[in-house]
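The data below hold one chain only, encoded as structure tokens and taken in the form predicted alone.
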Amino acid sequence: MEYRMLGRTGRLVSVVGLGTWQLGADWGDVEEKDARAVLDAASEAGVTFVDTADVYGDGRSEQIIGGYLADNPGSGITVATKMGRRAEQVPESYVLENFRAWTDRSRTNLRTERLDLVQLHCPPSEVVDDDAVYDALDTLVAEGAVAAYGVSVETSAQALAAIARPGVASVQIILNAFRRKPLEEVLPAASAAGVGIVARVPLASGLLSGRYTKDTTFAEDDHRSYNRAGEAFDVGETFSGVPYELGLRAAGEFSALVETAVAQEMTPAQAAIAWIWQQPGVSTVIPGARSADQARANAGAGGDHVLGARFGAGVRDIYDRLLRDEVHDRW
């Protein structure tokens, strides 16, 4: 596993982290013992960055992580949580009083006096642009409730606005082989500013694993069933906003590219993860996992893999031919 500095947090984290949306909700049920096994496997494989949110299972994900860390002191894991989606998505919700309440709840769930990193959870653009929001976040740092703060965003424009703020330690954004726009401006701007980049949805909700077909079904409580058209939240969070049938075609080409253009033996999922963290400016990638085996396989993408120029060109070609018109200008 390789490690990088996470922007202005001053923390060294693994280039492959662990996203824990799956451990809370919206991906079908995961029992606590299985969630603990995922955390164990990730930690044993060198993962030191875990991302969660106060709305994942209404706090269940945070609680499981908090219990795990209490039972494993000295694990060296940095936990990033998120706040803001428990309230109406209007600028009036993003005020210091609510920030204090939300971080207090997360500190209780995570069993810690101070949160390592708290991120605004894909707030409206008006919030990302509001001076008072950053004043309130600075107050949380001054009061000792959080060590650092960042912003999780939907669009490149929001990312650039957040990067320009001197107190922002990190920006979380969707980045994968099917969503390449952040490569153009966001990553260079973050590097120049010393802001960390946390890349989420690295496998396009599993499409890039190459395991899905037109006959694959998902549980009713899985967002890949109920949010395909953005019924519950931004459609870009589900299959990266790519229509499912088109995504299957692109994923088939991606899997074939891995087989022909990657010298060492890697699964499509591992190649997809490795491609992301090898982009200049990326601090860590946060694939989710529903099993210990999956967590170990994902972490295996953080080693010394050389994907090569041929693979990079192939990824770009798939995007340009099949996906650019669908997603590039939307986010």
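Residue positions are given as counts along the sequence shown, with the first one as 1. Only a predicted model underlies this, so the values are computations on that prediction, with no experimental measurement involved.
What follows is about the form predicted together with a small molecule, which we do not show.
Peer 1: Residues 201, 204 and 209 are flagged as a possible site; in the model of the complex, is every one of them within 4.5 Å of the small molecule by some non-hydrogen atom?
Peer 2: Yes, each of 201, 204 and 209 comes within 4.5 Å of the small molecule in the model of the complex.
Peer 1: Among 165, 224, 114, 180, which has at least one heavy atom within 4.5 Å of the small molecule in the model of the complex?
Peer 2: Selected residue: 224.
Peer 1: In the model of the complex, which of the listed residues (186, 137, 122, 258) lies with a heavy atom within 4.5 Å of the small molecule?
Peer 2: Looking at 186, 137, 122, 258 one by one, just 122 meets the 4.5 Å heavy-atom criterion.
Peer 1: Looking at 286-294, 32-40, 62-70, 301-309, which lies within 4.5 angstroms of the small molecule in the model of the complex, counting heavy atoms?
Peer 2: The contacting stretch is 286-294.
Peer 1: Answer for residue 152 alone: is it within 4.5 Å of the small molecule in the model of the complex, judged on heavy atom distances?
Peer 2: Result yes; residue 152 sits at the interface with the small molecule in the model of the complex.
Peer 1: Are any of the heavy atoms in residue 269 no more than 4.5 Å from a heavy atom of the small molecule in the model of the complex?
Peer 2: Flag for residue 269 set to yes.
Peer 1: Does the small molecule come within 4.5 Å of any heavy atom of residue 20 in the model of the complex?
Peer 2: Result yes; residue 20 sits at the interface with the small molecule in the model of the complex.
Peer 1: So in the model of the complex, does residue 237 come within 4.5 Å of the small molecule, heavy atom to heavy atom?
Peer 2: It does: once the small molecule is placed as it appears in the model of the complex, residue 237 has a heavy atom within 4.5 Å of it.
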